[in-house]
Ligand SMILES: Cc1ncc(COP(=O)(O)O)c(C=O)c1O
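Only one chain is shown below, in structure tokens, and it's the form predicted on its own.
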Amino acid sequence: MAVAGEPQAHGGLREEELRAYGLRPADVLDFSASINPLGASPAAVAALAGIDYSRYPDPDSVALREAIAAATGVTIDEVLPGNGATELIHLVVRAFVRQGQRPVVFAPTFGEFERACRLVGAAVHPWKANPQRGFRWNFDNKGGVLRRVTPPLVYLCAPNNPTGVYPTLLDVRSLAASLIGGPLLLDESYLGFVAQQWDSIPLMRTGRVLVLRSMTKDCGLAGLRLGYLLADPDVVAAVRRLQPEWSVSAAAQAAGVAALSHPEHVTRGRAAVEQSRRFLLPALTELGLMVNPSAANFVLVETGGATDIRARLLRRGMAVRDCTSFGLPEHIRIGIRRLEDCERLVPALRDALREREHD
């Protein structure tokens, strides 16, 4: 269980921790989670009113798969919805990785891939980005290494959590072409907030790339849990066999279909992120902080003593992500919220930094 002051493995508020500070969720502005700053898709919320909760959900998620296929330009057999991207990461690892193997992970990154590998008895081989290079990986020699070691699975988050780095299409295409063992799991959970996106579907069609996306982030559906995998039909079928029945609830299916039919919510959310970014990044820099350039709806900020800064901000009603669990104990991650929220965060962070100096 998480306790006050203890680094957490995920963003979002925890009731136990808030109670230790005498806080309620309504008392806190949550910058630790990186979702659409406009909140839940209104279309998704409206769709929930029509749910018959006495009936089981469709175990095959047919209507949702059809909606995802239409939105992404793939076939229904190339789609597998899941109970959030996290469930799908665990299922893909179970499908491809065996005990004693060494899957490759581009680090620092989302920790669930490594956790999933540990649960099947595998140990990841991390390719760590250099902070002095802005956490950008050097892809120049990776292809040759992959051809030699033939890992069962490679994980790359694009844009990456928590650094915000968005690899180029050329780099990812070259990486995928080098794979002669297992595939590349390309985690695009934050793609909806990238201003200039490249299309990963042609890479998926090569059979070397599995594409993972999250409607939790795009459509503000964190409480429902919804993500999907795009892959070759044989891969989808193999992963589906590992998935429990009714993994995607009736509420999540209905909300997902409705949200996909109203993509303007994601567009407006991306615009709100850009508006807040134009204020937030210069304001953080003026505080003397190192801010990593980010293509996503969050920024990685070097504050020193991340656990301490998070605690000081939480006492002020602001939650940020302590990046200690990413192996970055000097950094926090700030989810970009509405402009008025960001305008409240900056003075609170200034006060927390000054308070630390005088303690």
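Numbers follow the displayed sequence, beginning with 1. Bear in mind the structure is a predicted one, so any value in this text is a computation, not a measurement.
What comes next is about the form predicted together with the named molecule, which does not appear here.
Contact annotation for the candidate site: 137, 166 and 292 all lie away from the named molecule in the model of the complex (no heavy atom within 4.5 Å).
Screening 241 to 249, 181 to 189, 263 to 271, 195 to 203 for residues having heavy atoms within 4.5 Å of the named molecule in the model of the complex returns a single hit, 181 to 189. With the partner omitted here, the residue from 226, 210, 259, 80 that has a non-hydrogen atom within 4.5 angstroms of the named molecule in the model of the complex is 226. A heavy atom within 4.5 Å of the named molecule in the model of the complex is found for one listed residue only; from 86, 276, 101, 72, this is 86. Taking the partner from elsewhere, residue 253 is found to have every heavy atom lying beyond 4.5 Å of the named molecule in the model of the complex. A residue is said to contact a partner when one of its heavy atoms sits within 4.5 Å of a partner heavy atom; residue 110 meets this definition for the named molecule in the model of the complex. Contact annotation: residue 157 falls within 4.5 Å of the named molecule in the model of the complex, judged by heavy atom distances. Contacts with the named molecule in the model of the complex, taken as any heavy atom within 4.5 Å, map within 200 to 221 to 214, 216, 217.
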